[in-house]
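Before any questions on binding or motion, here is one chain by itself as structure tokens, the form predicted alone.
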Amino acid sequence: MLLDFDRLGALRAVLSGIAVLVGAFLLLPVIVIVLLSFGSSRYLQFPPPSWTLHWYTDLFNDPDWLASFATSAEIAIVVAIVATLLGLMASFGLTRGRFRGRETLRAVFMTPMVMPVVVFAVALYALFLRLQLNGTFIGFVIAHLVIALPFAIISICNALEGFDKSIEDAAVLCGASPLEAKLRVTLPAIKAGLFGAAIFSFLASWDEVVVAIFMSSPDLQTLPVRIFSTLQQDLSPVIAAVSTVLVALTVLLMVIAAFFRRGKPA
């Protein structure tokens, strides 16, 4: 028995070591980018010869970068709102509905998560060329909405499946209409799932680059597209500064979502 405990302890130590190595492998490129954004070299030189905030000053004084920030934020906010609303309606159908082909429909909703993004981008590009939506704000929103919707549906479906429907039924028995029961009982109870759907939908749009490259125009570019196009022309540390801002915002939103899910104030 003692030998078994020793083996179990050794196995846990090995697994913990592997987990630490994998985590370090994943985080190391992000750490390098953050350090490069504070380097004084005019190029992406690592390790940096000295430290400066010059590249952040250039970033926030450049109207083109700020315009790309604003475009990405506007698209992501609209996508988050619409994806959460559509995901809520679809999730009610998938969790409460009793119709033939429900699981097939659920799989169809998940298709954008498993389909190669380049294939999806080319298909959207060909379709939107005919509809004259390429390079438009509405086109960006629709394209990003298709990508973000599965994340919203997963989050809200999980919340609804964990909700005791008998509470909603009790509200109806007490005189509330079915719609009123959903609005006043069910939605407050699954608010963590709704918030998670909005956060993940926002991030899915905010970080998306492949579809955005096909959808962009000279007058309308999201931040990831501008980063990609700038990398083809220059290796300025401003790119590292932009990437650091993106990472910081993503981490902040994930932390807020984690606290919200645990019922703590964000």
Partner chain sequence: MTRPFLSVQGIEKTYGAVVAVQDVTLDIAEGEFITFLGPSGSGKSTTLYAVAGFLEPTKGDILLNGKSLLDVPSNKRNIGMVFQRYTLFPHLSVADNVAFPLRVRRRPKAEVDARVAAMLKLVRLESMADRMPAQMSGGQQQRVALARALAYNPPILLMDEPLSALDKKLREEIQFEIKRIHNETGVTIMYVTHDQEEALRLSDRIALFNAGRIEQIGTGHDLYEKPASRFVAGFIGNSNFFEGTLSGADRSIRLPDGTAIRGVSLDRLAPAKEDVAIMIRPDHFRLHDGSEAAAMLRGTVTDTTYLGEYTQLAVTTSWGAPLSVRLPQHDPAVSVQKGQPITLTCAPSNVRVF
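Residue numbers count along the first chain shown, from 1. What you are looking at is a predicted structure, and each value in this text was computed from that prediction instead of being measured.
From this point on, the text means the form predicted in complex with its partner chain, which you will not see here.
**Q** Is Ile81 close enough to its partner chain in the model of the complex to count, meaning some heavy atom within 4.5 Å?
**A** No, Ile81 stays farther than 4.5 Å from its partner chain in the model of the complex.
**Q** Given that its partner chain is not shown alongside this chain, does Pro188 nevertheless sit within 4.5 Å of it in the model of the complex, heavy atom to heavy atom?
**A** Yes, contact at 4.5 Å.
**Q** Test of understanding: in the model of the complex, would Glu74 fall inside 4.5 Å of its partner chain by heavy atoms?
**A** Looking in the model of the complex, residue contacts with its partner chain do not include Glu74, since no heavy atom lies within 4.5 Å.
**Q** Report whether the minimum heavy atom distance between Arg102 and its partner chain in the model of the complex is within 4.5 Å.
**A** No.
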